[in-house]
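Take a look at this one chain, the form predicted alone, written out in structure tokens.
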Amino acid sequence: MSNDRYRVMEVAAVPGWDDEADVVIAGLGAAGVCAAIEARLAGADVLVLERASGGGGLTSSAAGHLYLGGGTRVQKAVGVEDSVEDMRQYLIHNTPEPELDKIDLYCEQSVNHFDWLVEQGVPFNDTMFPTKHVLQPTDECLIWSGNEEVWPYREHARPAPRGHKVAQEGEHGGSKMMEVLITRAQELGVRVVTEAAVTELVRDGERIAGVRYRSFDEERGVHARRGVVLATGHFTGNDEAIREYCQQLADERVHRQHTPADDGSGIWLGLAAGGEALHMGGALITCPFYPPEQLLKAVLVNREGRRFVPEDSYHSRTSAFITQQPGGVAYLIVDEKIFARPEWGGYEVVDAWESVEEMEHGLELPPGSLVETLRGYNEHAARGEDPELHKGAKWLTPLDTPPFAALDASLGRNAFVGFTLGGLRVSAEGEVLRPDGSPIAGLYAAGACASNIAQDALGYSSGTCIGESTFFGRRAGRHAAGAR
């Protein structure tokens, strides 16, 4: 695709500098603000250029989960035992192409990172939400936010809840966190210019030495004495890029979640400078059928009448599997004991029947398919077993009480949403890397325009994006501040 809007200019072609700072950061979302705070704490003069009229980015519309563990204050307060090694093994086995140095750092310093956020003023209650949920409607903190208890991941690491939500009711935790962090950055003396869209990097020899940005109709240049940090977000809002790189989100049946600024500008700038992008086909995609959690006792079948995913999986993993079924067709099968209506997504009731045979016929499934699926499932569930897909024992119960109902879980008939996960290849310090692995001097990236831990929907856990954005944003800011 063409990205001529985002280029690299040689310093000799710059008409002049309008401003300068030690560290220049493009974007005031979760990664950008943490980079700014850390760089300022390291003694750097910091200037943030924010494309929108104010900071916050997509994080401001999120519930505010951060995936943290290894024995945080909250985990200890509610009696959860967790270790760095368990968290490490979980993330390794959930990540398609794990970068071990990054996962090691993230897990080893997770408690420290939680404490750092608290020191900046981000509030977390020492409480845990008691049931399996997509997000807490209360201001309780800890939640099971991934596949920790799901097979095969529970075989590799002792399960522990690690989703830490900012102390705010409902879906406003991300907004609260960004408000606190932006205020903290400004109190420290970080300078912020809004309505400032970075369009060009400036190169001085082999080093990135500044940026050019557009503010309304005016073009301006800023000299970066030590480094430039790209923290501009993902590319979910870029139609052309989605069609080229991310077919999952090119599907019109998936609603793309993004802000108007999420066109991947930081990625294209990094590529223009000689960087490399990874996992550009990766995306989070989801349409939760729980809560209520009792629906995890249901079974999901495709149009062949077969199960295809353990139903106790994290909602994005389940949703990704649904999109891979023939025609994107899936049905959630319940009986009278566990019937409920999902709180999100749709999942309309197709119909109800007095027998499984009638339901199989009504759904136009292959003759005998659903009958055999439920016969085998019920036989094993009565013994607390699921040899086919290994669903957790606490979610196993025979579905044998009529009437039986089918909820339509199909792609295109429910509210599937998603956003991209691909981004620039970076080091653990946030340095943008060339295809040969060498760093581009003076150029860093963090957050959704960089590739770190989150790579696809199958291995995603709620809180991974904000967790890694804040953590690696800090590292990028600190490293840039110390560059010479």
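All values reported here derive from a predicted model rather than from experimental measurement. Numbers for residues come from their place in the sequence shown, where the first is 1.
Beyond the structure shown, there is the form predicted in complex with a small molecule, which is absent from this document and is the topic of what follows.
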- Item | V198: touches the small molecule in the predicted complex, heavy atom cutoff 4.5 angstroms | yes
- Applying a 4.5 Å heavy atom distance criterion, does A35 contact the small molecule in the predicted complex? no
- Task: Answer yes if any heavy atom of D262 is within 4.5 Å of a heavy atom of the small molecule in the predicted complex; otherwise answer no.
- Result: yes
- Heavy atom to heavy atom, is A415 within 4.5 Å of the small molecule in the predicted complex? no
- Item | Answer range among 437-445, 422-430, 39-47, 26-34 for contact with the small molecule, defined in the predicted complex as heavy atoms within 4.5 Å | 26-34
- For the three residues R51, A63 and Y460, verify that every one has a non-hydrogen atom within 4.5 Å of the small molecule in the predicted complex; reply yes or no. yes
